[in-house]
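Same chain, two versions here, written out as structure tokens and called structure 1 and structure 2.
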Structure 1
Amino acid sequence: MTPPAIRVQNLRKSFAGRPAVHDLSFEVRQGEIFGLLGHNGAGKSTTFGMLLGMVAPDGGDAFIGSHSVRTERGAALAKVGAIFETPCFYDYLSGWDNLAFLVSLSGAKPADSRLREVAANAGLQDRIHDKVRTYSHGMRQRLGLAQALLPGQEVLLLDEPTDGLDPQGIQEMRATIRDLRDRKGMTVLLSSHLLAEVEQLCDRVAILHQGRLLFCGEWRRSTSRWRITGEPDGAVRSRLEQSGLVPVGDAWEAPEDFHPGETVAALVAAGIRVTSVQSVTRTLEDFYLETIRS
């Protein structure tokens, strides 16, 4: 069995006696895009900080591949790139020169081929030689992504990668992240407030609320919902409840093995006139709000 790319194991962190992350555990599979969701103050940034070795946990550990971030930070982060908080660059230098400077800080000589590769992967190949002062916010975010790609990474940690972008910039960043997974086989852990964007990228998510893990898994496959109406209405409700469906607003929540055809046939056999049967699409936003309110 392939080991996880990222494993978070019983992480705990408090600040001034106030718990920020409570006994957090989850895994990110190799080659997947995994979403870490939560309101401001839920513990997402603290979790990212602990994964990057920038915040010391009070307990537990995090692993990148087989390496512990606590005891083998260098080895754990050797193939990790990250956007964490707002990327900062020298405005008077070009994007290219900023990247070359960052490489030189490690004592290595920046290879032109590598700089061209990360610029292209981040969608900056046409503007990489322009001064950063001329970059839009979206282009600065792209330069931040190019910076994250420099280490020859296998894992990307992206904290709010679409923060402040316009709709076109969000769409382009989403396409870039998906392309890095599909073409490069990269593993991506991202956090975002834009649930509609996460919905298009992630089948698996972890939901944090007040530092606690409320859900981790494939949110799309947890349940299905149906809007079923008929006459008399009371008889419809009674029969559906007997079949194990649960009313949620004007719809019914059904288990994964629910067969609408069999249910409709049973209603008709009971003398009920079925007037409509409609599958209801539940968005990630719906699922997220229901999870934190439950």
Structure 2
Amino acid sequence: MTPPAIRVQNLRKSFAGRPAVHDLSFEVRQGEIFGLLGHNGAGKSTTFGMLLGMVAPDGGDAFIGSHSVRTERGAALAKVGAIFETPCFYDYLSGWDNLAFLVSLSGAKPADSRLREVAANAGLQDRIHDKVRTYSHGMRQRLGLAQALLPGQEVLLLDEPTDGLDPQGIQEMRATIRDLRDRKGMTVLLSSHLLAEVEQLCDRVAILHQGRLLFCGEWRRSTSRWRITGEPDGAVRSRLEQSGLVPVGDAWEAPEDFHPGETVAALVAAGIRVTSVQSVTRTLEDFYLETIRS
């Protein structure tokens, strides 16, 4: 079995006695785009900080590949690229000089051809030698992505990568992230407030609330809503519930793995008819809010 690309194990962190992250554990598989969700102050940034060794955890550890961020930070981050909510660069240097300097901090001598390739992929080939202070927000964001891919990263940590982008920029960023996963097999840990974005990119998410992990796994589930005639009596009701059906308003919601055969037979025997079956596709927003409220 392939080891996880990122493993967070019982991470804890408090600031001035207030817990920011409480016993957090989750895994990100190789080559997947994994979403880290939560309100402001849920602990996402602190988790990112601990993954990058910028925040010292009070307990637990994070692993990138097989390397501990606490004890082997250099090796753990050797193949990790990161983008922050607002990428900050040296405005008084060119995009090229920014890339060259940041890559040198990865212990690599940046090859001009590689820098040119990444700049071109980010659509900055014509402006890469201009001072960053002349860049638009979208260009800065693309420069942020370019630096995160250098020198040859395999894991990306993206904190609000589409923040402040226009709809076209958001679409391009989404396509790039998907392309990096599909063509280069990169693993992406993505944090975003735009749940619609995460929904399109991530099959698995972790939901944080007040520093605690509320959910981790595949959020996408197809359910169906069954409407029936009459009110089922105690025995039929318990039969429905045993089958995994849950009453929702005037209907019953069935899970993805619901096998209707025996249940329908029991309903028919009790003189109850199924009047409609409607397939329901839940949005990530619905799922997120349900999880937070529960």
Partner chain sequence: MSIFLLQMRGELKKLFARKRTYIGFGAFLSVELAVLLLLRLPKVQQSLERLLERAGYVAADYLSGLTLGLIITLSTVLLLGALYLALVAGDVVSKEVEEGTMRMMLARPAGRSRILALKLAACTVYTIALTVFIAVTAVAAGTLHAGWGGLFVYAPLEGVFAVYDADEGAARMALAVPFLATSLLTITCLGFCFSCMRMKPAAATIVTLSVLFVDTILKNIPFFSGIRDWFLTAKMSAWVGVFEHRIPWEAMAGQYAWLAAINATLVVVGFAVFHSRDFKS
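Superpose the two forms; the largest set of C-alphas matching within 1.5 Å is the rigid core. FYI, numbering is relative to structure 1, first residue = 1. From a predicted model like this one, the values you see are computed outputs, not experimental measurements.
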Looking at the two shown chains, say which is the form predicted on its own.
1
Core-superposed comparison between the two structures, I272 Cα displacement 2 Å or beyond:
yes
Superpose on the rigid core, then tell me if the C-alpha of E253 is displaced by 2 angstroms or more between the two structures.
yes
Does the distance between the two CA positions of Q242 reach 2 Å or more between the two structures, the core being superposed?
yes
Rigid core superposed, I'd like the Cα shift of T263 between the two structures in Å.
6.5
